[in-house]
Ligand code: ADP
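In structure tokens, one chain follows: the form predicted alone.
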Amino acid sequence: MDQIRQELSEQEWVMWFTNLSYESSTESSISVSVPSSFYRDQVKQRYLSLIGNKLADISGHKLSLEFTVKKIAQPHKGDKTESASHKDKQASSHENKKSNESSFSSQQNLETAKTHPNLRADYTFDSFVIGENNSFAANAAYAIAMNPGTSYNPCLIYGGVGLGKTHLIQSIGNTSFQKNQRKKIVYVTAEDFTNEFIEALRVRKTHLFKNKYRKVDILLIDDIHFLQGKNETQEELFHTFNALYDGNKQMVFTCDRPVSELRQLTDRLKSRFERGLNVDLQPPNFETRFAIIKQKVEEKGTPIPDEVINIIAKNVTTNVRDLESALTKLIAYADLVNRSITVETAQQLLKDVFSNPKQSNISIEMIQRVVAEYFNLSVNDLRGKKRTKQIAFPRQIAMYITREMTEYSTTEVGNDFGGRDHTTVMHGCQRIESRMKSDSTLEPTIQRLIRQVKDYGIKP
């Protein structure tokens, strides 16, 4: 450990090595304990080779490294036996920890059985399935939880509905709370923040509101897009932000889109949100979707074959929330009619979900091809720089259909249409919406194109 420390930055060392604890060893292996499955997976992925080579250099032969996840037991109220056992485990664990490791006292470890009153206990890093679509955001969130108020402050996590923004932001709060319950952690949605501020104005107790939010150690605000057009609330958040930032207090925000796409947000508040780390969550790929459903199935305890999990992961491509909804429907059916779930049953029960165009693997290029062919243009025309009416109108239709049929953000759509700005996409979609109100032939045309895209892109 000492040798590895010399090869890493101090931040990297603190984040990934100070919570490793020696447990036991044999002639051919060493066992260490880690605080969570998430922590274990990250250390194995990042440093297993480095640690293995270092052990081989020192010992003269190859040693395998085994990980044991040591989670804090949750003692039941009044369960003295379990509580006593818990104390013994904590005492034993404390004896094994070296003086240079980050450790808590036995009393602090006992306190970790508590949960934060404003956070969901099941929103943890352990229950967050990591894939290519979210690994950067998940690692950033974990780093913040381990060292709040340092490198990534503020942090903005953005992405579409149901991709795990709330799960991640609350995982930061839960992990930080378990590390140090003396820290003042506040989680609030932007809507509740606004309502509290309005009520404080009404009863003339804004000083209490300011004290609540400007004297926290970690402030977590969900769904800041709700603040659009609420100028007084934005003003209050601006001053709260400055007070916390100057005090090196951690702030994490979530949004359903990049801050640059929030039209009714003041420029100075936008600049504050963009000052730190901005990370996005993308829809999960097939492997991640499969892993998410598999984990949920294990949590629920209802046996569902991998073949069924496979067809759900293939057909529900939008977000985690839709995956959970499909799985809940199957489990409810199994419980209510007392029947096992087969592939045929799943296909029948979820046919409406599977036929939803937003669940299909429809790409922007696919839409561009259909629209270009209909208007006797090329895909390059739609992506190009020409702004003639013969090209601009079909291009706007293609953008509008893309926003209707997919979960791509306006920024992503703009990139696939020749690197156009997101505001151009928004303007184009608005033009089509306005024109449909005055041109009765346009909506049938768009619906015809949508059907062609479905026929072109949906696989059986």
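Numbers for residues come from their place in the sequence shown, where the first is 1. Just so we're clear, the structure is a prediction, and the values are computed from it rather than from any experiment.
In what follows, reference is made to the form predicted in complex with the ligand, a form of this protein that is not presented.
- Picking from 172-180, 189-197, 333-341, 158-166 the stretch near the ligand in the predicted complex, with a 4.5 Å limit on heavy atoms, gives 158-166.
- Judged against the ligand in the predicted complex with a 4.5 angstroms heavy atom cut-off, the residues Tyr374, Ile397 and Arg451 are out of contact without exception.
- Contact check for Asn134: a non-hydrogen atom falls within 4.5 Å of the ligand in the predicted complex.
- Contact annotation: Glu232 falls outside 4.5 Å of the ligand in the predicted complex, judged by heavy atom distances.
- Residue contact with the ligand in the predicted complex: Arg321 places a heavy atom within 4.5 Å of it.
- In the predicted complex, the ligand lies within 4.5 Å of some heavy atom of Ile292.
- Of the residues Ala143, Val279, Ile364, Val129, just one reaches the ligand in the predicted complex with a heavy atom at 4.5 Å or closer; this is Val129.
- Contact with the ligand in the predicted complex, defined as a heavy atom within 4.5 Å, holds for exactly one of Arg383, Lys296, Arg257, Arg272, namely Lys296.
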